[in-house]
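In the structure tokens that follow, a single protein chain appears in two forms: structure 1, then structure 2.
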Structure 1
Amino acid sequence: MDDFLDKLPQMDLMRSEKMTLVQLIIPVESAHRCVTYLGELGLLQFRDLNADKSPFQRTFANQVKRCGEMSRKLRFFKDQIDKAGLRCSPRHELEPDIELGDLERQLADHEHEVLEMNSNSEKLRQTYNELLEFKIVLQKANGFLASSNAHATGDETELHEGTYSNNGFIETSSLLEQEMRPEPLNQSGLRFISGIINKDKLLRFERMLFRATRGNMLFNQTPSDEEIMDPSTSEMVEKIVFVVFFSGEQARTKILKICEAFSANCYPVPEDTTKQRQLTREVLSRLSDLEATLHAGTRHRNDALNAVGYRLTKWITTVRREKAVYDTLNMLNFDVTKKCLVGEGWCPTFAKTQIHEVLQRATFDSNSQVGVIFHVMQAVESPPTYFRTNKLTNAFQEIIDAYGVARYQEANPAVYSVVTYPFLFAVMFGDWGHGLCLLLGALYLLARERKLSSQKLGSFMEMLFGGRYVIFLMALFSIYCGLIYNEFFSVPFHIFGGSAYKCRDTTCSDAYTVGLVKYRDPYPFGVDPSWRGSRSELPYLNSLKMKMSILLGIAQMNLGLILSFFNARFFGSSLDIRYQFIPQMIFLNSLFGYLSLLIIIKWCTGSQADLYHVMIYMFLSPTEELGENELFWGQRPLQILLLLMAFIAVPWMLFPKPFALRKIHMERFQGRTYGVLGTSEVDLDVEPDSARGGHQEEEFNFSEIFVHQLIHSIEFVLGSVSNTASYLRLWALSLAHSELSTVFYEKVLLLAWGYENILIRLIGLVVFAFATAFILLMMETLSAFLHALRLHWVEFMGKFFHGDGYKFKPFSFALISDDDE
């Protein structure tokens, strides 16, 4: 037996990469280059040796700060470019890699330049806005002032019916007062302030004015036709021109204060028309001047931004890389001599030569006198888990990792999932019509793989795209299962020749009540199309799918148990094999393995035996004669034997292991009253934060281990029943799927087709199409996907998978450039 097992291939695929803890001792002068090269290689995960230091106390905190500052500047440029609406495609020309110091200087220059131009153009913009507002006020206020001049000539009734007539209460009150004291107002008191205000502040402004002057004022407003840019937000805002008439000096100061508070800009408008015209002309000419200047300024600024924009993406990546390099350097420790940096990290064993080469290249390139010392260290803590995946297996690995990252070198369920996952999905989603639709979708994603992978997708699309190969395989398998079920949107097809059944007579009237006669060999592949719609369709399919589900389930659970065996063998724990794997195997297979055997025998012999009865009475009265339910000779003694084995298996998996563990522990510490002393020479060697340090002797707690084993055993015993039952979801979902598609086909499409009316047919077709697309293709896919997920996570992986490892996260530029800040 052992020979056979030893001859088995190594199962490299199933295990994560062998990892090695390595130590690097890098001279300071070549440290930066080394880390950069390692980042390009991306196969070394550094351990943080300074975890107790806060970020600004680390060695390269200054450089990290500088990088942060630079990336801030770059963000500023990006923001500016976006605001200016420029579109700079990065020029792919070969520019030499830029030094960090140079880049810093360049960035500072550019920032200074842009800031200065911004402040200039802001100033210009402000003057421009003011002039523009002045112009608008001049134009609009004219209307009010013309009538106010008319008022000066003393024609109050005209005034009343004219301009102010729509001004409700305010106007009448002020008119009343004017009537009371008409004369002095015109000469001495009636003044006005004109200005412009944001539209959304207008109402409050008016109310405030009213309150402040106790109603002794006249408020006129008119919308400005042009929108004015708000310099702070650079958005166009609507503004309203107003003219307030009032009397008295006190009111004037109050109104001016209110204007200021509401940030309403006031502009003096001369009452004299000739002066007004003159002013307008002046303003207009200055406006056109300013416009030209502004234009030139914007162009100049855009040029400057463009110059930055071309190199922006490159700079951003450079800075990001530099920051990552310094962050990594911060994880390194200084040597005692302060001339070397000491780093520790995990790398896959296969990558050691590559890393070595890279380090040599770095030493050479940086003209360092001393090479980098690179050596392997003994590790105490568990190494990270690293699976090399490709486009196809990556998605499956992700599905497994979502449950838990595999323990280092533990059997990886993802390998089997590549096939079992889509297959279990397809058992639930068996319909080759729907499968074809899914396939088309998957093929679309695959065909546009290159394009889609380069662009940013929405979260939903991203999920679909990430799982494109999963969907592809699911589609293929569901076409296969659909062919076995003979389902195509619930329409049976005669693909593999004619049916094995025919009607009893030519009219075929009793086909659905009495049944058909079999007249030739069985249908060669899958379910005979004639079953569709017959009386025994459901009993037949249910029996088939239920049994099939149990067979698949038992097979998968056995696979899980066998993997636990290989795990135990790999980690050299014979205890687990003897007291866990073997009794579990016996328990599962003596009960449910036997059931599977019965199912197969029943299928092969075509026996009429009732398997429920057999299984139930195997427990209730194992000694009783089976009678007509006997499937093979010697079934009764075999059942008794299996039952006994199952009963023995339970205490077998419960008791021996904790006691054996205790025995081992006692033997190891026999006669020792004191704890283990660390040998002094080892202690000297150990650096404080090294992975080699810290041997903590675990306290042996028997009751805890026993309780753990108890839980484990109970879980397995109960679980083997409930997990087997859980696999019946394969049958249930498949049934639900086929019934739903039957309903949509028969009760919607065929019903609508029964009418002559083209409109009803069309509606029927549309409803059918939507139901198929949304309910069957999307919701059912999702639910079948989730059930397959559960079957893998709980029923399959629960048998062997620990999932308490941690992922290998190498320091790699390829990984950091992806994540956007």
Structure 2
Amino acid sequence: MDDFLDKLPQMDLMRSEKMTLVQLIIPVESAHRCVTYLGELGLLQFRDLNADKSPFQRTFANQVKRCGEMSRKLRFFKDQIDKAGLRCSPRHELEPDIELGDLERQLADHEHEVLEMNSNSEKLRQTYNELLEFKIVLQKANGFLASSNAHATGDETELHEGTYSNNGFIETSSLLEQEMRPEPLNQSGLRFISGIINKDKLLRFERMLFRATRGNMLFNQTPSDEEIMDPSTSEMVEKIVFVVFFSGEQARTKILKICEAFSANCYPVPEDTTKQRQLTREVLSRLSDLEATLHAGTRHRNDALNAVGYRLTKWITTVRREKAVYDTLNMLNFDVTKKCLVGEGWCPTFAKTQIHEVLQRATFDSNSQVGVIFHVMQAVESPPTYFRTNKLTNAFQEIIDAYGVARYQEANPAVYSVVTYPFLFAVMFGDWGHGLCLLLGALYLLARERKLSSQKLGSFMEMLFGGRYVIFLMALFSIYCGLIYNEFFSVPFHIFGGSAYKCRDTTCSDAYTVGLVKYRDPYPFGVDPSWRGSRSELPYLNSLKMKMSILLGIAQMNLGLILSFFNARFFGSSLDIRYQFIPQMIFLNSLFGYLSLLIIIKWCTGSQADLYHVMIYMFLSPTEELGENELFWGQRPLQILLLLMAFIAVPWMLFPKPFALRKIHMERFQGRTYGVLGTSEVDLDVEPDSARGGHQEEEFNFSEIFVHQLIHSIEFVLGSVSNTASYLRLWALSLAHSELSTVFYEKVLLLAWGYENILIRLIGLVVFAFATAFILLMMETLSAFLHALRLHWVEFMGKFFHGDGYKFKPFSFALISDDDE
């Protein structure tokens, strides 16, 4: 048997790749190029030999800091380009690789230039906004002042408000500059302050003015006709022009402080109409000049950003790679005396030749006089787990890894999940109409695979695209199971010939509940369409799907136990084979394997035996005659034998293994044998097939081993019952899916189609389509997906899978993501 198993061809995904711990001794002058070439190859996972040091204590901390600063500048450029709304596609012509120092200088120059232009633009925009507000205030306040002059006395004086404290007045200055300086104020009479404020602050501003002046003021307001850009947020803000009439110097002081607190800008407005017109012309002239200056500055800034944007993608890639290289160099030990770097890492055994060739090429390209020393080390810790997957198997491997990464060289459940996972999904989802809808969605994702893979997708769409081959297989198996169930949106079809049943006489021509008799061979494939609508439809389908669920469950659990045998044999643990695998197989198949045998015999013979009665009285009255429930000769003595075997298997699982481990431990330390204890129960953290655990002398705790075995045995015994019952979810979800489809078809579509009104028919069709799409194709798909996930993670993988390994994460430029910055 062992010779036969050894001659079987090895499966690629059955066990992870063999890994080798290697050591690199790299001269300083060629270290950067060596690590760069290894990053391009992507087959070496470096170990951190400086884990006890902080990031600032490492050799290349300054280089990492420089790369981080350059990344910040590149993100700044990207934000500026996005903010400006530019679309800079990278140039495709070949550009020479730029040195890190030159790139750093270029980025600093570009950043200084852009920051200076942003500062100038912000100042110009602020001045432009002030002049624009002044223009709006001049236009809107004129109406208020005209109304005030019509009712005011001749003693009213004009109040000039500004921000300048210099009272000197130059006759040759422009009228705008004159108006921005306050004139000596008249200490009596009615005065006013005009300005502009954000609309959202207006109510609080007016309330505060009323309280501060105790109502001794007149507040006029009007909305501005145009929105004004806020320089800090670049958003358009709606503002309100106001004019406050008051009397007295004390009121003036209070109003100015309130305006300052609410960020209201005050502008002087002359009462003289001639001065107003002259001031407006000066403001419009300066606005025109500033607008031209702003447009010229914006064009110059966009040209500078475009020049950066053409090379931004290449620069980002260069900086990311350099930072990754220096982060990796920081994981190496720096030997000052020998002027070399010492590194360790894991690589697949098949990649040793490739890595050696890459190191030789790096030594030659760097003109180093000393080559890189590359040699294999003896491993002390468990190697990482690495599976070589393709586009089809990668999604299934990710599903398994979501539960736990396989232990090094442990049997990989993903090999079998490629078939069993979509099949169990289809057992619950079986409807070939719904399967065709899933297939169309999967084919769309596959047809646009090249385009979608190059785009940045949302989280939901990225998940769907990553599982496109899983959806494709689920759709195919759903069509297959739907043909077996003979359901197309819950409607049966005579696809594979006529029904095996017909009416006994003419009285049942319009009924499907009574009078059907079998008159020829059974329907060639799947469920006979005549069962649809019959009185015994539900009992028949329930019986079929429930028994089928048990058969599938027992088959998959047996597969899990068989894989545990191959695991134990691969790791050389004979104790696990003798005291776990054999009694577990006996216990599971003595009870539930026997139940599966009875189901198959009942199907083949057409017996009317009650399997519930057989299994219950197998325990309660094993010696009692079976009577009409006997399915074959010798069934009663076989049941007694299977029951005794099941009872014997429980102590077989519990007692021998802890005592055998204790005996082996005693022999090891008494000098009688020096063999390695090859079992995973002694040291769960050490790989069972290596001698690495022998260096760590740990105290053998017999009570702990015994309790662990007791828990494991009880868990398996109880789990055999609960796991078998858990597979009945296949029956339950399949029944729920079928009944929901029937309800939507009969109570929505057929009911609406019974009316002659075209509008009612259209409404019924729309409701049926939405119910099918959102409930049956989305919610039911998710439900069946999760239940199939549970059956694989718990019922199947729990029989053999430890899942306490860690992934192989090589240093590779292709794996660098945006988050690694």
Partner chain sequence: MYGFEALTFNIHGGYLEAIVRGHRAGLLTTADYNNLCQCENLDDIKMHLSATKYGSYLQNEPSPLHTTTIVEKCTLKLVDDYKHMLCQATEPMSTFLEYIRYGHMIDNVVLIVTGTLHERDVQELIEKCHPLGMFDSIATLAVAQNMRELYRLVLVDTPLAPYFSECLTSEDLDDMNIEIMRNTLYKAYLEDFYKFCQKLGGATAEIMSDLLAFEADRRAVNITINSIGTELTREDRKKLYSNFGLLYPYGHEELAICEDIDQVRGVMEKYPPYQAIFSKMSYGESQMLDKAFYEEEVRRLCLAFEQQFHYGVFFAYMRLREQEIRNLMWISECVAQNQKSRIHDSVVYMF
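The shown structure was predicted, so the numbers you read here are calculated from the model rather than taken from an experiment. So that the term is clear: the rigid core is the largest set of C-alpha atoms that superpose within 1.5 Å between two forms. Counting starts at 1 and follows the sequence of structure 1.
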The form predicted in complex with the partner chain: 1 or 2? 1
Does superposing the core leave Q250 with a CA shift of 2 Å or more between the two structures? yes
Compare the position of the CA of F210 between the two structures after a rigid core fit and state whether the shift reaches 2 Å. yes
Rigid core fitted, is the C-alpha displacement of E133 between the two structures 2 Å or more? yes
Core superposition result - C-alpha of M117, shift between the two structures, Å: 2.9
